[in-house]
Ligand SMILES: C[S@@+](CC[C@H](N)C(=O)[O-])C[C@H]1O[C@@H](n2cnc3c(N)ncnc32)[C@H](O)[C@@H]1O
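The chain below stands alone, shown as structure tokens; this is the form predicted on its own.
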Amino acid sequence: MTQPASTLHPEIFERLSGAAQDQSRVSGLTHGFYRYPARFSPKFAATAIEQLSEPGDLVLDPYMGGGTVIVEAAARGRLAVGNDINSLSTFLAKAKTTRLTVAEIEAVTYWALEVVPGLNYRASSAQSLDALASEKTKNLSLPRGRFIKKVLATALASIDELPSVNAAEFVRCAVLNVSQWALDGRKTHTSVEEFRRKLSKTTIEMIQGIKEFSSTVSQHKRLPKIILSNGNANAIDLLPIFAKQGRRAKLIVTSPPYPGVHVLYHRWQVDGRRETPAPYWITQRTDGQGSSYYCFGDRRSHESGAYFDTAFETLRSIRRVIADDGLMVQLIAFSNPKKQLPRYLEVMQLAGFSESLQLEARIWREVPNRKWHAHARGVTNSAREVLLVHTPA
């Protein structure tokens, strides 16, 4: 392999390269709590954090998505700061990193084994009826979703019986997980009995995941701190967080939105690709932004100028919160790499970053099982990512 012209030690470069090429399934700790679109590789995140930071350092993911970097940073004793404009992202990152007490675990286990088997679509509580009338359940009245929608409403109503907010949010995440399995992109109908069995099984598996995460975190002398923000990756949202901590990020590990590639971060597709905002109904979060905002550009747009304008503003703000001796590590894909990669690198430079890997040392990876719901330009190269490493200029 060509030696990297970079600030990275060759051995570190080799380890990052190997982790970036990893094709294994997403697993371990709490990573299986939900299939977030375009989710990060836990092995790559872990390798970057281990090789490029020290315990106690501040690690930032300004576009944290499903929270993979936050989980791996906390598991390795780093102060983890995560930010995302999507409220579903912050819900997931919190659910994946909130440790449960023994009493809460017992309550969730009872719910999974005793309450879930009795869930049915004939329940008619006032809360269930209100939920069924919500705009957030749009398109769930279609054939493949209508009975699941009713049993879902009953499951959500049962969450009120749990003893704490943490236990309730954990169960809500389990319901989200199984509802995605039952509804999103399914070509066949999911029966109520299948849904109940899957929900019980998944909840118990998730309990084991949060136990593993808690045990890993508890091994550190000082419990890692986790700070989550639901906002833009800009100075308005990020600077107060870092001002309070009195320091800047030693390492940024992230995967920003991709130029020319539209991903449904906030919708599921049911009954022939009809979109439903059901994830926000289940998690009791607000979808305050449009799909174009999550992706730096509208899915109908054939130009990516708006993407680079937005990217510049966010990257310039990120530069203000990274330490002068810090590193920014990204995995990013492009619908037109030949045209868009040079432009993205130019934006990085204008925002105050200097690339650490030259052209001949760049690492490209094929992304396994990447499901793009829609994009702007038909067939693209969006399932092929490149590793970029930058230092503050």
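The structure displayed is predicted, hence computed values, not measured ones. We number the residues from 1 along the sequence you see.
What comes next is about the form predicted together with this ligand, which is not displayed.
J.: Given the stretches 199-207, 67-75, 214-222, 97-105, which is the single one in contact with this ligand in the model of the complex, using a heavy atom cutoff of 4.5 Å?
T.: Contact-bearing stretch, as computed: 67-75.
J.: Check whether T314 has any heavy atom within 4.5 Å of a heavy atom of this ligand in the model of the complex, and answer yes or no.
T.: T314: yes, in contact with this ligand in the model of the complex.
J.: When the contact criterion is heavy atoms within 4.5 Å, does L79 count as touching this ligand in the model of the complex?
T.: Because no heavy atom of L79 falls inside 4.5 Å of this ligand in the model of the complex, the answer is no.
J.: Can you tell me whether R39 touches this ligand? I mean in the model of the complex, with a 4.5 angstroms heavy atom cut-off.
T.: Result yes; R39 sits at the interface with this ligand in the model of the complex.
J.: Give a yes or no for L183: in the model of the complex, does one of its heavy atoms lie within 4.5 Å of a heavy atom belonging to this ligand?
T.: L183: no, not in contact with this ligand in the model of the complex.
J.: Of the options W111, Y258, F195, F91, which one has a non-hydrogen atom that comes within 4.5 Å of this ligand in the model of the complex?
T.: So the residue touching this ligand in the model of the complex, by this definition, is Y258.
J.: T154, N230, N234, T190: which sits within 4.5 Å of this ligand in the model of the complex by any heavy atom?
T.: The residue in contact is N234.
J.: Out of 82-106, which residues reach within 4.5 Å of this ligand in the model of the complex, heavy atoms considered?
T.: Going through 82-106 in order - heavy atoms within 4.5 Å of this ligand in the model of the complex - the hits are N83, D84, I85, N86.
J.: Just to spell it out: taking the C-alpha atom of A233 and the C-alpha atom of A333, is that distance smaller or larger in the model of the complex than in the structure shown here, given it changes by 3 Å or more?
T.: Pair moves farther apart in the model of the complex.
J.: Knowing the shift is 3 Å or more, I'd like to know if the C-alpha atoms of N232 and E169 are closer or farther apart in the model of the complex than in the shown chain.
T.: Relative to the shown form, the pair is closer.
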